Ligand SMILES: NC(=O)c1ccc[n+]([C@@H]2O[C@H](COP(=O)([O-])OP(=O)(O)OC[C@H]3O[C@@H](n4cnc5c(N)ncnc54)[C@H](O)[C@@H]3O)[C@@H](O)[C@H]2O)c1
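Just one chain is shown here, as C-alpha cells, and it is the form predicted alone.
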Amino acid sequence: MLLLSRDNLKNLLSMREAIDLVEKGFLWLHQKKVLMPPRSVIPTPFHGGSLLMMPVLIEDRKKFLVTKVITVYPYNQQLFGYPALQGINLIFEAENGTPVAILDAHFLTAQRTGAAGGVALRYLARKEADTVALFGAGPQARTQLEAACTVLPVKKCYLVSFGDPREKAFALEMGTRLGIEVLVTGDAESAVSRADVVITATNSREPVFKGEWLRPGTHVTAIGSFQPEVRELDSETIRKSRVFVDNLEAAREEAGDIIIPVKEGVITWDKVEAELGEVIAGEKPGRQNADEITVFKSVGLAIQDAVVAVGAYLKAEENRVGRNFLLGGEQ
C-alpha cells in the first residue's frame, strides 16, 4: 500500500488539476457512471462532533473503490487547537478488493471542496468577476479563494472578520501567494455589496449575511453547512437567486440553506434549477445573463473525494511519491 501524507499531497495536484477532476466527477455522477450510496453520519455527544463514511465505486479505465472516513468537530480549533476535520481516504482496486493507498483526508477534503467551488464558478459566475467577499479563514476558505483565482481574474478579496485569530495571517499568506489584495473587514454589508462572488466557508449555524445586500450579477458559493438545521445563507438570498446544487438527493437531506426556506414556505424545491452535472453536460443552462444572482449550494459528495484521491494516487505512483508498506510489515 501507498501512504500519502498531507505534505505529499500538497505537491501532487494543482488546484487547476483538482478542478478538472471534480468537473469530470460531477459529469460521471450525472451520467450514472459511478455508484455512490448516501453517506453515513454518526453524531456523537462530544462537542457537536460526528463521524462520516463516504464510499463510491469508479468504473473508468481503472476501476477503484474509494471511501473517506472522517470526523467533523466544528469547535476543535477553539477547544483543542485541532482541525475541525480529520480522517483518511482509502483506495481499493475494485476488481479484486486489494487496498492500494491511504491518503490524508484533511488536505484532500479542502482541495476537492475548493475545486467544486471552482467548477461552479466556471459555469455560474460572470467571466469578468474580479472581487470576492469571503466568510471563513480556515482550510476550506483557503482552497475556495485559490479556486476562484484559478478560474477568474480575481484582484481583490474582502475577508469578513469574525474575530478569528487566524484572519490576519490568512490575509497576508493568501494575498502574497495568489498575488491579490486581501483586506480584513468587519463590515459584512459593504463587502457583500461590492463583491462579484460571495463565498461562505464557516461553521456558523445562522446566516452570515443578508440577501438584500447582494447586487445584481453576484454569484454565491455556500459550502460550510451540511446539516438540515444549519445554514449560512438566509431565505432572501435563496428566494432571489437561481439555485444550483451538487446533488439534489443529498441537498434534500442535508442542505439547511435550502431546507429551511422550504419549511418557511418561502420557496419550494422547484427553486433548485439543476445539479451542476446537468449544467456541465449541457442539459441545463448555467448563467444566462449578467444581472442574475446565482447560488451554488454544496454539501459535499463522495465522488469529489474519490476522483481527487485517485488522481493524487495515480500521480504519486507515476512520480514515486509517498511511502510504500505492507499491512503485515514494511516493504
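No experiment lies behind these values; they were computed from the predicted model shown. Quick note: we count residues from 1 along the sequence shown, nothing fancier.
Below: the form predicted together with the named molecule, not depicted.
For the three residues 109, 112 and 138, a heavy atom within 4.5 Å of the named molecule turns up in the predicted complex in every case. Distance criterion of 4.5 Å from any heavy atom to the named molecule in the predicted complex singles out 202 from the list 202, 150, 235, 131. Here is the short version: of 160, 198, 103, 145, the single residue with a heavy atom within 4.5 Å of the named molecule in the predicted complex is 160. For the named molecule in the predicted complex, the listed stretch (171-179, 224-232, 150-158, 93-101) containing residues with heavy atoms inside 4.5 Å is 224-232.
At the 4.5 Å threshold, heavy atoms of residue 253 stay clear of the named molecule in the predicted complex, well away from it. In the predicted complex, the named molecule sits within 4.5 Å of a heavy atom of residue 164.
Contact between residue 211 and the named molecule in the predicted complex is not found at the 4.5 Å heavy atom cutoff. Mapping the unseen interface onto this chain, residue 248 falls outside it, with no heavy atom inside 4.5 Å of the named molecule in the predicted complex.
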